[in-house]
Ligand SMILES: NC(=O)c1ccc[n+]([C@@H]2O[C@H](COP(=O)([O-])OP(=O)(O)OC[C@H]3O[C@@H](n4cnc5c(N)ncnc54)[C@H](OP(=O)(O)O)[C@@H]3O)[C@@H](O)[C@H]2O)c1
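A single chain comes next, written as structure tokens; it is the form predicted on its own.
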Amino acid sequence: MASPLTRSTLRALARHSTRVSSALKQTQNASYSALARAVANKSAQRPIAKGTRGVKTLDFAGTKEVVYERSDWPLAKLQDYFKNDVLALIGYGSQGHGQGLNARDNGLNVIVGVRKDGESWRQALEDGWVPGETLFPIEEAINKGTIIMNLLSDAAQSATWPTIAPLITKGKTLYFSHGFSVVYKEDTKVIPPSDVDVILVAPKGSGRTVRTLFKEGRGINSSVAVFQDVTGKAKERAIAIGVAIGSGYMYDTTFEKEVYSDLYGERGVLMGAIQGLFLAQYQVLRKNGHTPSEAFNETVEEATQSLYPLIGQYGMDYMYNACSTTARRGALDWAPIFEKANVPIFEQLYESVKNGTETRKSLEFNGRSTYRQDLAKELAEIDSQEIWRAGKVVRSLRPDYKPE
């Protein structure tokens, strides 16, 4: 979340105009150009890939894929492309916050639509969005917008669609960051009008990460897709919006593949599987007499603070080479055993995603009137597990520790 000084500055800017001033645009042009030059310099050091400007065809382990890079959309070009558009961002949760602030900082005309005086309204006020100028009730924002960015939660998209759908009129563009509502239309009842472009940009990370990487001058990777192309320019617009909201590079997908991989990954190694594996290993260590600190260090701390960063930066083979010969031998021997044991579970998980079972579970739970209380209870149960209680103490020992 922005500091008080930043919020004050943003409020002052927003009150002067719903459009960013020309002076601010010049500053942003210089800043963005510096980033673009840095990207270009790095690109010059890499082998030249087939393509034009920032669009490249790269070889991913033997499969050729097209990648769209930010360098193809310098800020001046981006601002000119959207000079006649109003990006109406509906919903101000994690993605709404990150994408909205990034697009605004890039000099685009962005407005936010949320329930008046609700929690999201309050958060938008803190970030400098001004009622009646850049902050409106949902229906009013949609009427004012040319590009409708539906970033409500999946359950909320379903619940509000009967109200929103009639406002998505011909000439507007309907934008999503998740294929959920459109792909599972039998359950969500979200069926886009047939006379508008329907596009998707899905950042591969939380909205907070989208914002953080943008402020660092980097940019998150995202996938882009077109569900419906009425104007013949839907793909181009999706890529441009992807750059506007903070993407460093983008790759092609479909609405179906995006939602299948997203739900599958979240329930798998990104969150669900990792919690289960951490807990299982920790419990066995504890049953065999290891202390909580030792069990946590060998299960979580070494993984997240030492080994996983190596995988992220250099790859699995590098991480294997960086560990002891004994660890390496054991890991190589046991990896196929874990793979064999887990493939059936992942196949079951993928089928559950594809056939809509996971969607129906999510809609039922997230649509409850007691949703927040029920969620808080489940999260509290995780927080109270010994592994994570021990983890709080271990984290406090880190040199860079900051009180939670």
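Just so you know, these numbers come straight off a predicted model, no measurement behind them. One rule holds for the numbers: they count along the sequence shown, beginning at 1.
The same protein has a further form, the form predicted in complex with this ligand, not shown here; the description that follows concerns it.
Taking the partner from the other structure, this ligand in the predicted complex has a heavy atom within 4.5 Å of a heavy atom of residue 178. The shortest heavy atom separation between residue 186 and this ligand in the predicted complex exceeds 4.5 Å. Shown alone here, residue 206 lies within 4.5 Å of this ligand in the predicted complex, counting heavy atoms only. Contact between residue 229 and this ligand in the predicted complex is not found at the 4.5 Å heavy atom cutoff.
The stretch that touches this ligand in the predicted complex, counting heavy atoms within 4.5 Å, is 197-205, out of 100-108, 197-205, 283-291, 244-252. The listed set 261, 297, 79, 120 contains one residue whose heavy atoms approach this ligand in the predicted complex to within 4.5 Å, identified as 120. Between this ligand and the residues 152, 124, 147, 224, the one pair within 4.5 Å by heavy atoms in the predicted complex involves 152. Along 311-349, not one residue places a heavy atom within 4.5 Å of this ligand in the predicted complex.
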